[in-house]
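Have a look below at one chain only, the form predicted alone, in structure tokens format.
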């Protein structure tokens, strides 16, 4: 029954561009899918107690590396993607290995990743002659009035086409989540999260296990940053790096539910629609309103609904489906 529901949902999703919906609706769908993929990548670490406040660094590395190679060296994104992912993996190893080797965990690990995100943002701004600084940069366009798709530049003007690209990326994130969830690494990570010494005593290589999931999360996040840059055809430090973007990731995952496979995607839809609603209602008259509301809601979710919206709904559904014991029934 579950597989049939998943298949029906996937078919309905793939049919969206064929229903004649507006470009605005497709844009919202593409954005939700891309950020749902990024949030899923973050939750691979977050649900095991590895709270990163610097995933904006990996987003920025992915988006800017591909764009800079294309703009300044004419290197196709097809070659830029593995370079960007490899660079993100290298940074993840350089940060993660010493942290896990010397047991820098909890809020100390969060602070280290926070510093990483800010370092990448400042580096992007400092290299303004290459990156455009705080003004951002636009990938050299290979599109024109006569050319709506460029395979070499990985650029497409049709939102319907990119919608399917986003669906494929999103499905990749869900597949990786499922693979991790069904592997022995999951139990090793849960054990290490609860008690490192006990996990190590039964043969778990804590450093290697944590580093592996960190590298995987960083690589997928960089891939999400690349997809975002290729879709928007414009990036700037505030949209793909820095503490603000990192905290936005954390809030969305917590709001949706980091322990449920579709929780991060639900969080992406929730935060995006919230932002769009605030934009329509208040425009840009109240500066920082969305950030303030995000912060307040994050506190509320952490205190009253730590499992997130979808996590709470899943728990309520399981409670209703649970068979009633004879003792409870007779009472």
Partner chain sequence: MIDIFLLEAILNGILLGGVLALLALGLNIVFGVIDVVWICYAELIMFGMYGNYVLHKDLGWPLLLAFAVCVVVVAVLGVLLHWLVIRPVLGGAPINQLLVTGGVLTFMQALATLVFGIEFRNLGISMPSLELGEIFLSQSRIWACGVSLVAVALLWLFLKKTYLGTAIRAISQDREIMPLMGVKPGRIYLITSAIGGGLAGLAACLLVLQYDVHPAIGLTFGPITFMVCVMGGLGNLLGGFLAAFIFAQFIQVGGFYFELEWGYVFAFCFFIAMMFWRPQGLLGKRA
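Everything quoted here is computed from the prediction, not taken from an experiment. Positions refer to the first chain, counted from 1.
The same protein also exists as the form predicted in complex with the partner chain; that form is not shown, yet it is the one meant from here on.
A residue is said to contact a partner when one of its heavy atoms sits within 4.5 Å of a partner heavy atom; residue 303 meets this definition for the partner chain in the model of the complex. Among heavy atoms of residue 137, none comes within 4.5 Å of the partner chain in the model of the complex. For residue 26, no non-hydrogen atom is located within 4.5 Å of the partner chain in the model of the complex, even though that partner is not displayed. The partner chain in the model of the complex comes within 4.5 Å of no heavy atom belonging to residue 262. Of the candidate stretches 155-163, 137-145, 76-84, 110-118, only 110-118 has residues whose heavy atoms lie within 4.5 Å of the partner chain in the model of the complex. Comment: the partner chain is not present in this chain, but in the model of the complex one of 172, 123, 215, 180 has a heavy atom within 4.5 Å of it, namely 123. The contact residue chosen from 219, 99, 167, 176 relative to the partner chain in the model of the complex is 99, the criterion being a non-hydrogen atom within 4.5 angstroms. Contacts of stretch 235-267 with the partner chain in the model of the complex, defined by any heavy atom lying within 4.5 Å, are made by 243, 244, 247, 250, 254, listed in sequence order.
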